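There is one chain below, alone, in structure tokens, taken in the form predicted on its own.
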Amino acid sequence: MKLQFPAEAEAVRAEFSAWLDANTPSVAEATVRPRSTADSPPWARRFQCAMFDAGWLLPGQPPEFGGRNASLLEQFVIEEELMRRRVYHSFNPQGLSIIAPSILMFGTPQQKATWAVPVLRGEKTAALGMSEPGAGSDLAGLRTRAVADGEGYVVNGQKVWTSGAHDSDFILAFVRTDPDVPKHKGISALIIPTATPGVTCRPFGSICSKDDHDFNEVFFDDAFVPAENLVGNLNNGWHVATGTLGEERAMLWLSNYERLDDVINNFGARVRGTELADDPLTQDWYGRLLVDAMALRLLGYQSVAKTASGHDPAEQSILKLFGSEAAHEATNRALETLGPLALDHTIDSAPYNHMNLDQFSASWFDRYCRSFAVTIAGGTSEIQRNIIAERILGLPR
């Protein structure tokens, strides 16, 4: 059986590929690297704006929001081409893939014009305020409060793991607006500019590098937010959040496939010509890695085909769980196999380039540390197992 896309989708792929050939910034242009996932250098902003104007940024959206009303399969081949080239269309990924689409989905016309479109055009960057010290994966357990006060809300509380908050123009924050109802029903979503008095963003380092300051603690101390910044209906933030995560998960399996493909290319290049290449244990797990990558790709294609034909596939959680766990296990096994070589910060012969958000000089140890994040982002593996058990296998809660 030969896997292929309709001629219309392949025509879009060819058009987009030609556009990338003509418009992707050169290495000479990309002299400044981003400091965080909400820091977009001028050259990256120009590229993102060009994608917006050409209708490639969010291709499923109408032209006024950076798209071309593309079909699902057309959107998929565009994402696949970006993955193949290791090109990011935005250096503010949470702003592009979660926050702006959420405002487009639930926001008012004014909010779309004031907040969503500038993020899409690369004129503003945004951070996502969900996790808290006592409410990581359990969004419904959040405690940050927003109390109605005149023409707005006074916000008090703390967020944590807020990627890029110190470099962002605003935070889409989920806050508790009614403490007297079931916890899922008393949450609202607010757009909170980071320049608001009472908002403090405190970046902190990660295990990967002392210079990696993407994560933030964010403190709200009597921060006043205008009522016009409420996204969606009051106390309906859970609906906004699930829509937000739905945007994030839609093609999450493709990014995990990219990670597996990255390990395949990098590890193969690193051990080629060494005694490790002939080790039976190396060959065994490397062979299983190839099978995992192909299985994820085929399951992903099946899910996309079902969605395109009008069905709502139940495999999204299976794809998320399998893909993220496989990516984590792959870096773990590579780390164990390479031993001391895994600490070497050198550029492998991988298809990384200046348009990739990841660091060029990431060692295998760095990759391993970062691989834990993929089992958390977009819904933890534990949550995915619960969803699979309840919604797919029909097991009792």
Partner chain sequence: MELELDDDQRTLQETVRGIIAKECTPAFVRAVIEDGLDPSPWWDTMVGLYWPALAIAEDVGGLGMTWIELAILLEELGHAVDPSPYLATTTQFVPIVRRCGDAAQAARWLGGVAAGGITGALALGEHTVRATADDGGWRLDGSVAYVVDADRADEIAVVATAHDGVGVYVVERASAGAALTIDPIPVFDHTTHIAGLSLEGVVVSGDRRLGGSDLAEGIAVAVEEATLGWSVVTVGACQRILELVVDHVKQRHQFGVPIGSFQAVKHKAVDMYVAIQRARAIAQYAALTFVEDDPRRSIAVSMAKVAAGDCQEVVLRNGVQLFGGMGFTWENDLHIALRRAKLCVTMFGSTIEHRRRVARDALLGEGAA
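All values derive from a computational prediction rather than experimental measurement. Positions refer to the first chain, counted from 1.
From this point on, the text means the form predicted together with its partner chain, which you will not see here.
Undergrad: Tell me whether 283, 389 and 396, taken together, all sit within 4.5 Å of its partner chain in the model of the complex, counting heavy atoms only.
TA: Contact check passed for all of 283, 389 and 396.
Undergrad: Looking at heavy atoms inside 4.5 Å, which stretch does its partner chain contact in the model of the complex, given the options 146-154, 285-293, 87-95, 180-188?
TA: Contact-bearing stretch, as computed: 285-293.
Undergrad: With heavy atoms only and a cut-off of 4.5 Å, decide whether residue 318 touches its partner chain in the model of the complex.
TA: It does: once its partner chain is placed as it appears in the model of the complex, residue 318 has a heavy atom within 4.5 Å of it.
Undergrad: Does its partner chain get within 4.5 angstroms of any non-hydrogen atom of residue 305 in the model of the complex?
TA: Residue 305: yes, in contact with its partner chain in the model of the complex.
Undergrad: May I ask you to check whether residue 301 falls inside a 4.5 Å heavy atom distance of its partner chain in the model of the complex?
TA: Result yes; residue 301 sits at the interface with its partner chain in the model of the complex.
Undergrad: Are any of the heavy atoms in residue 21 no more than 4.5 Å from a heavy atom of its partner chain in the model of the complex?
TA: Outside the cut-off, so no.
Undergrad: Under a 4.5 angstroms heavy atom criterion, identify the one residue in 243, 268, 198, 118 near its partner chain in the model of the complex.
TA: When its partner chain is considered in the model of the complex, the option within 4.5 Å is 268.
Undergrad: Scan 202, 297, 112, 239 and let me know which has any heavy atom within 4.5 Å of its partner chain in the model of the complex.
TA: Only one option qualifies, and that one is 297.
Undergrad: With its partner chain taken in the model of the complex, which residues across 147-182 come within 4.5 angstroms through any non-hydrogen atom?
TA: Contacting residues: none.
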